[in-house]
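Encoded as structure tokens, the following chain is the form predicted alone, with no partner shown.
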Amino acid sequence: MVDTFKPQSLQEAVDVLSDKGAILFAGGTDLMVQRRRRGGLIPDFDRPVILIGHLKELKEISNSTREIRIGSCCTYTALLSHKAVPEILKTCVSQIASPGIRNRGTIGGNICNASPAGDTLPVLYALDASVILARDNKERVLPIEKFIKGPGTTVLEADELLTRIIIPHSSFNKFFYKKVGTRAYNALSKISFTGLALKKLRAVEDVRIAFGAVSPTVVRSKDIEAQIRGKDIDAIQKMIPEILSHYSKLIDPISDQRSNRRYRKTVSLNLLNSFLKNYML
């Protein structure tokens, strides 16, 4: 048997985590798979477990004039039903797994799992999201790209807890999200693409582009975005071959049981081409 704790407040959860070095358990949709054993045996939890999915402080969504703050234990279903959550994030979340998984799975779990195929990650990168980490009455705030180090690896310390995700308000009026998988739902991403643009008249005042599942971490280049930003549509159309060439150097997928490297790279560049040619017009 494994010791299990069910704290009644966020502070109590932080205290127990600091004292026990335990495993955090929110929705469990990733964790139960990672800890599974063959033959229907009980999952392998080798350390104490802290249940946090019920904590009110981690399930709140607040909206201010500058940003939206999402509790790390908000389920995907909760995100879909909240009017302040950006539409592109809702579009992404609506394509995650099945209704049952969306009722259990949490945004914080998707982030901390740090999978290259994590569905919400390219969208959060494109939205300039940050995360709040808590420990011993202290907090630190990090951009999400500095929080995730590689596949399954983050900078989260053993006594730290991801409490909230911060998404600054933005005014993009063009967006394109595409998840490529074996099926529309209940499948891991082979590739995912996020494109955002703020277009006024014929000028693109802002643009964000991010790819998932084509590199150890999400591919996003602020330098390339800066080259596009401020240009008119006609100029951008002429730049498309150059833009594709730049991203081709950054996209470095692997071949695995779900897809191969050539397919992932080709489709990624096709999605980028479609965004630049069709969705920004």
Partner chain sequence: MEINFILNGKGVKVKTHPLRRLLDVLREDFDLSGVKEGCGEGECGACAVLVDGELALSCITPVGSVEGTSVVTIEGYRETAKYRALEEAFSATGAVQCGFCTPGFIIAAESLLSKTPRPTPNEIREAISGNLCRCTGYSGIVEGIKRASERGEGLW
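Residue numbers count along the first chain shown, from 1. The structure presented is a predicted model; accordingly, all values stated were derived computationally and were not measured. Basically, rigid core = biggest C-alpha set you can superpose within 1.5 Å across the two forms.
This next part talks about the form predicted together with the partner chain, which is not shown.
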item	value
One residue of Ile166, Leu198, Ile101, Val155 in contact with the partner chain, assessed in the predicted bound form (non-hydrogen atom, 4.5 angstroms)	Ile101
Partner-contacting position among Ile251, Ile233, Met32, Leu244 - heavy atom within 4.5 Å of the partner chain in the predicted bound form	Met32
Segment that reaches the partner chain in the predicted bound form - one of 101 to 109, 166 to 174, 140 to 148, 200 to 208, heavy atoms within 4.5 Å	101 to 109
Partner proximity in the predicted bound form: Ile228 to the partner chain, non-hydrogen atom cutoff 4.5 Å	no
Touches the partner chain in the predicted bound form: Ser81 (any heavy atom, 4.5 Å)	no
Exercise: Pro43 in contact with the partner chain in the predicted bound form, heavy atom 4.5 Å	yes
Partner contact for Leu58 in the predicted bound form: the partner chain, 4.5 angstroms, heavy atom	no
Ala226 C-alpha relocation of at least 2 Å between this form and the one not shown, rigid core basis	no
